[in-house]
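Just one chain follows, in the form predicted alone, and it is written as structure tokens.
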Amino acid sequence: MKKILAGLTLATVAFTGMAIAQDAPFAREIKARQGIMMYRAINLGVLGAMAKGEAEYDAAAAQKAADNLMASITLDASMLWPQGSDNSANPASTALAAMWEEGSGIGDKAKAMADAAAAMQAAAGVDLASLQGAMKGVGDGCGGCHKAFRVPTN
């Protein structure tokens, strides 16, 4: 009986913790945008591994990854970035409130990333040298937002 009560207590604590996490401000939006970022990271990993020589260049796989990256960039994810969904409101977010400040330049940074993704899409399936040439623009595009608007990581 004690084991059953202990198990029920543990389950109650776990479910309560999950409910609290779900009730955190903008929890769904943050989780969704983090999912999009993970999807981008997977595709960038394919491209980066080829560019660095860690994986053999495969034009079809490179093109697919670049197409996927571009598709994720062109999503209208604005509803996933409501003002106040920064890390001060919800520690699950790594976004800094500076993103929403007047004059932050977020629109210019998003356009730079979209331009870099389009350049990668045009280059990835051509040859390894073209893919490698497009990597810097994509890296700079990602870093444009991450350096300015993301909680620094170790």
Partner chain sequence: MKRILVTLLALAVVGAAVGFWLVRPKPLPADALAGLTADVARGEKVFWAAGCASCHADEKAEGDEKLVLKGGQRFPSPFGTFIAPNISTDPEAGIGSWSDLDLANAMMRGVSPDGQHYYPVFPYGSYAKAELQDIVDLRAFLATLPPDPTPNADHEVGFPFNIRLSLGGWKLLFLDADWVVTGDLTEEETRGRYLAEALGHCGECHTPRNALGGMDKARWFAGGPVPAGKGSFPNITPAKLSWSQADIVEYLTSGFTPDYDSAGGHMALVVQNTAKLPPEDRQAIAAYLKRVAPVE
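What you see is a predicted model, and the numbers here were worked out from it, not measured in a lab. Numbering follows the first chain given and starts at 1.
If you look for the form predicted together with the partner chain, you will not find it shown, but the lines that follow are about it.
Q: Name the stretch: of 121-129, 56-64, 36-44, 23-31, exactly one has residues whose heavy atoms fall within 4.5 Å of the partner chain in the model of the complex.
A: Of the options given, it is 36-44.
Q: Does any part of Ala110 reach within 4.5 Å of the partner chain in the model of the complex? Heavy atoms only, please.
A: Flag for Ala110 set to no.
Q: Taking heavy atoms only, is Ala116 within 4.5 angstroms of the partner chain in the model of the complex?
A: No, Ala116 is distant from the partner.
Q: Residue-level contact is defined here as any heavy atom of the residue lying within 4.5 Å of the partner chain in the model of the complex; does Ala92 satisfy this criterion?
A: Result no; Ala92 lies far from the partner chain in the model of the complex.
Q: Using 4.5 Å between non-hydrogen atoms, is Ala97 touching the partner chain in the model of the complex?
A: No, no contact at 4.5 Å.
Q: What residues, if any, in 49-69 have a non-hydrogen atom within 4.5 angstroms of the partner chain in the model of the complex?
A: Contacts from 49-69: Ala49, Ala51, Lys52, Glu54.
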